Structure formats: C-alpha cells, structure tokens
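Presented below, as structure tokens, is a lone chain in the form predicted alone.
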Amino acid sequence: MFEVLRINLCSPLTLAFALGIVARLVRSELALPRDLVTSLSIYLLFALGLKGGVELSHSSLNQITGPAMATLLLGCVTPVTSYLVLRKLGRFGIADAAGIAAHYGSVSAVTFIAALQFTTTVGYPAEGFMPTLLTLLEIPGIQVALAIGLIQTARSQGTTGENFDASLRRSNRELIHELLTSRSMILLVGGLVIGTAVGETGWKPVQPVFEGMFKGLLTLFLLEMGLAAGSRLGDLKKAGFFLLGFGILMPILHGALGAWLGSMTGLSVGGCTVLATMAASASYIAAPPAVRMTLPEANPTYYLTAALAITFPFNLMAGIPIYFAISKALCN
C-alpha cells in the first residue's frame, strides 16, 4: 500500500497539481492562458472518447452490460446518500444539500483520467470500455440530486400540485438538454462513436497525437487544476469542518461501494479501481452550471470548495491508491 501511495505521489501528474497549489500559496503570478486551458480540456476529453471507442469496438455486449447497470445504480445511489448525510448530519439547507449532492453524484473526468493512468502505471490496466461508463454516470448523478432539491423545496413552500409538476418536467427537460449538449458530453460521446466506427485501423494514423502526447498534456492540465484548487483554499474556513470531513469520508464510502459493485459484475482490479474512483469523484465542470440553472439559491462556496479544494486533491493524492487497495482485496 505504501509503495503504491509513493508511486502515485511521485508521479508527474500529482506533482504538477501540487506545484499549482504551491504557486497559489506563495502568490505567484503563474497562470495558464484561458484559451490554452480550454484547448487542453477539449483535447483530453476527445482523446479519452476516441481511445475508449476503439477499445469498445473490441468488447462484447455481455462484457459491458453488468458494469453499465452497476454504473447507473451508482448514479442514483451516490446523490441520494450525499443529500441525506448533508441534510441529517450536516444540517445544510435543501438547496445547498442538493447542490453539493449533484456534484458528488456526477463524476470528475480529470480524476477518471488520472485513475486510468494510475492503474496502467501499477500494472493493472482497466477495461477499455470505461469511458462508456463515464458518460453513463454523468447525467443521473446530477439529475437525481437536483430533482430531490426541487421536490423538497416545493414541499417546504407548499407549492406542490399540477403547476409544480409541469414546472418540474420543464426544468428536467432543460437540464437534460443542457447536460446532453455540454462540451464534455459531446466530446466524450462523439469520440466514443468515432472510435468505435473507425476501429483499430482508423486509430493507428492519429494514435501518436491522441495517445503519445496524452500524458504530457494531462500533466500540464493538472498544473492548471492545482492553480484553481489553490485559489479556493481560502474558502475552506467558510465551508467548515463538517464539509471537510464530508469531502474526504464520503468519497471513501462511495469508492468502496463502486469497487464492490465492480467486483460483482466481473471487472478486473483496474476496472474496479476506476469505477470506484468515478463513484468517489465530484464534478466541478458539468455540475456547477446545472446547479446554477436549477437551484440558483445554492451557495457556490460550499459545492465548489468541496469538489475542487477538498475531494479532488484528496482523490488525486491518496484516494485512488485507497480504491486500488480495496479493489485488489475484493477481486482476490
């Protein structure tokens, strides 16, 4: 376990992220141009989709059905458990609890990519169809949490009825459209479709760009993520100790659940680790605009600080090795 943790902490990905945090702590003027950051995110998501599509073309329906069902189950369970813990134990308001739960029900694509790189480095590569599971988890994790928030808010205000039902359906339609047409979804699903269609033959000519350069550009992107996380460290005081504990303990619980479900569906140690990481991660790209649109009264300090300044660093530095250890124990 300690050797695995050392390998993870000494990887270029983790060290680049740590450098970004240090740069913010010492108030360095270091900053990546916004256009470069956008370009890097487009490249990473499209490359991930392409490679996943090529691997998906080699997979049978029987191989992916079980893991897909487990992923959809996680997308329903993780936002509900997060909401209940935040409401019952943390005493958060309905909107704040639902807003945070939407982030923890969804998935961080960058954390997912880091888990893929980690499992390959330690000699336990995940199944090639994992990017398909990533796209399956994106929508229900957000949708369930926000639906809970809308319903509970309406009940507390006594506004349930036909008008509310119509409003909820309209809100759901708008939210689903927003999620399905988001940049990350278009790039991931589009890449999966293209990669599946062209197969290994079509992949070979572009492989040097989309695979050979991948880890280097991911390292640069994680430097930017470190800068972003470092800029939110000051908000930890506002978030409070409960949210700090939630941002660490809840991912471990969700990660253990993801690893167990993965092992039940026949995933390898690497696949279980990646599925566990998906369940344990918190979105900070797709979820924030969805929460702002549906629950504008939710406090961004809570959900952005928890996802980006607490859970993301924890998963990157210590969480992924923990999920790997759990997955290895379950699969042996």
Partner chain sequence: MKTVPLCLLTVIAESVLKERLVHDLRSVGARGYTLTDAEGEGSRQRRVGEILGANIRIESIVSPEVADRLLQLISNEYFDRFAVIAYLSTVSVIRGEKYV
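Because the structure is predicted, anything quoted here is derived from the model rather than measured. Residue numbers count along the first chain shown, from 1.
Just so it is clear, the following notes concern the form predicted in complex with its partner chain, a form of the same protein that is not shown.
Although the partner is absent here, P288 lies within 4.5 Å of its partner chain in the predicted bound form, judged by heavy atoms.
For the chain shown alone, P300 is a contact residue for its partner chain in the predicted bound form, at least one non-hydrogen atom being within 4.5 angstroms. Contact annotation for A70: none of its heavy atoms lies within 4.5 Å of its partner chain in the predicted bound form. In the predicted bound form, M264 stays away from its partner chain, with no heavy atom inside 4.5 Å.
Contact with its partner chain in the predicted bound form, defined as a heavy atom within 4.5 Å, holds for exactly one of Q152, S231, T120, T81, namely S231. Shown here without its partner, the chain carries E55, V107 and P125, none of which come within 4.5 Å of its partner chain in the predicted bound form through any heavy atom. Only one segment in the set 72 to 80, 244 to 252, 133 to 141, 223 to 231 has residues whose heavy atoms sit within 4.5 Å of its partner chain in the predicted bound form; it is 223 to 231. If you take 290 to 314 and check each residue for a heavy atom within 4.5 Å of its partner chain in the predicted bound form, you get R292, M293, P296, E297, P300, Y303, L304, L308, in sequence order.
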